[in-house]
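Below you'll find only one chain, the form predicted on its own, shown as structure tokens.
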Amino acid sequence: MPMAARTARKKKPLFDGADWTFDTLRQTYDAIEKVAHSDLKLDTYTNQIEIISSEQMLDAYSSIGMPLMYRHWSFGKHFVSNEVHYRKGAMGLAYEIVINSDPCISYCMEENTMAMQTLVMAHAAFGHNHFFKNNHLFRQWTDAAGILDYLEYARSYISQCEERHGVSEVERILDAAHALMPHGVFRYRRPRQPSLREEEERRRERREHEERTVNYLWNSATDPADTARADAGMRERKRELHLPEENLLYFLEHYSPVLRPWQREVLRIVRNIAQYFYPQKQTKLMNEGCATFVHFHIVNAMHEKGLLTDGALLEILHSHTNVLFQPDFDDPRFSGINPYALGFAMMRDIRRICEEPTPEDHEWFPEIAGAKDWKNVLKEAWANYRDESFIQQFLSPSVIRQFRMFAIADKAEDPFYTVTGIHDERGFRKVRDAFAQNHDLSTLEPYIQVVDVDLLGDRQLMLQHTKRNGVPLEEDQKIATLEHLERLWGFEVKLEEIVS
């Protein structure tokens, strides 16, 4: 053991045993923060640690992890389902929930042991927190400083709507809006990020303007006085609709002929929340990998300094190993690649490539092989990539071999699967490309756009689904989506499929 480590281990451990107190939590948090900021140089929002019961954790589960969510019957349904499964022992609860906000709020279960609280604080309050603050997708698409105020506004607004218009009427709009949430995001345009005060000041003006715009579009469309002039007017009004439009909730919010002002505002709230969660869907592997790598580094650094006992470290590593469990492809428990396991493996591999590169690493990663400064390499990756591009850039032959990855082609015209690449020299690129594509949301989710609307006739709305890789829409989902769209549009909606 190095002299520095022997000297460090003379320090008294921060705690010994499973029980925790708020003083112990405070001292441990300070020790974690010192490693995170001084050693790893992480850049984090101010932390707020909340201790909650299992009942409160179930409640947070049910409202998609947000602390100030508005009411909806589906949240209660999820709460009852989760509670029944939890009480029967059929499912466990997450050790933590963390909110992408400033301050960053981390919820820890009061049932956790002190070792688990240490793991959770290192994982959530510093790993996830750093990723939220620095990844370019979160910086572009979310407003960490304003999200809690916005949720408070949304909850208050929905509650007022329930009082004025009835719970069932509000739920009718929310049901349709929730069903269309995956199609309620801008994938390529950066949305405006006004403050809550600006939002409230503009809300009334926007509502009046939208009503005038909608009335103008539809009232003018029925003017048959001059055919040529009417055609030109129709073309101009279609240009005003900015078609094609991929954000269905945005289009309905602005141009539906039947929605009332409060209903448009409800769609806007659901759309903004969908957009807030969009970066998380694109960075699941990186976000969890970052948090897992950070907590692993911090607890080991604390153990080397003598701040954690051997028993506490073993308990933490036991939970850490469980989270990283990756069943084989033919194991009944297999449900895909575990993002915690792969994210952690790739980030440890980046450190290895920087510190102890092989000739193969020099060939595949000439820019970082032997760079030594692995901390900055990782921080650059956490800041500038999403899952798809991270895999494309950093998935190494070494990790492909470690996970025994292979690629399969499933062509409709063939009665069999074809293995197109295995973990050998010829298959690395095929495996990496195929795996990266599996994390590209544009190929995983149906791509539906509003392409036309009949302004002069029956106001029919025309949508187009782009079929990729020969995969059609599932018929029951297609029917359900059209029903929700017609409820919000007020007239018939047609959907056609094209091949990309």
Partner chain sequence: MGHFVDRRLNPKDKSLGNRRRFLKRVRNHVKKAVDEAVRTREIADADRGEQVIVPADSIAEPNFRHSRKAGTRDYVSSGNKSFRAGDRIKKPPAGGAGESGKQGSDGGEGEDEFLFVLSRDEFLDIFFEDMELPNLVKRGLKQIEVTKPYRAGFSVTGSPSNINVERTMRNALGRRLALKRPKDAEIRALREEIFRLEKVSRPTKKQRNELSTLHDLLEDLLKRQKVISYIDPLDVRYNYFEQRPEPRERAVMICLMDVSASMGEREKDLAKRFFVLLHLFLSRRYKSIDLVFVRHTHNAQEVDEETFFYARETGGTVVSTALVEAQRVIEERYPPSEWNIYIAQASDGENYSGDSKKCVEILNENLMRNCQYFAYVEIVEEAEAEFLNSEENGIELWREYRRVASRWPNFAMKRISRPADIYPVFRELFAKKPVDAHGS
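Residue numbers count along the first chain shown, from 1. The structure displayed is predicted, hence computed values, not measured ones.
Keep in mind that the form predicted in complex with the partner chain is missing from the display, and what follows is about it.
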Revision key, fill the gap. The one residue among 151, 241, 405, 161 placing a heavy atom within 4.5 Å of the partner chain in the predicted bound form is 405
Practice item. Using a 4.5 Å heavy atom cut-off, state whether residue 480 contacts the partner chain in the predicted bound form. Key: yes
Practice item. Consider residue 416 of the chain shown here, and say whether it contacts the partner chain in the predicted bound form, taking contact as heavy atoms within 4.5 Å. Key: yes
Practice item. Classify residue 182 as contacting or not contacting the partner chain in the predicted bound form by the rule of any non-hydrogen atom within 4.5 angstroms, answering yes or no. Key: yes
Check your understanding: Is the gap between residue 410 and the partner chain in the predicted bound form 4.5 Å or less for some heavy atom pair?
Key -> yes
**Study point:** Contact segment among 161-169, 344-352, 257-265, 288-296, judged by heavy atoms lying within 4.5 Å of the partner chain in the predicted bound form
**Key:** 161-169
Point to revise | Stretch 12-51: residues contacting the partner chain in the predicted bound form, 4.5 Å heavy atom cut-off | key: 20, 22, 25, 26, 29, 33, 46, 47, 48, 49, 50, 51
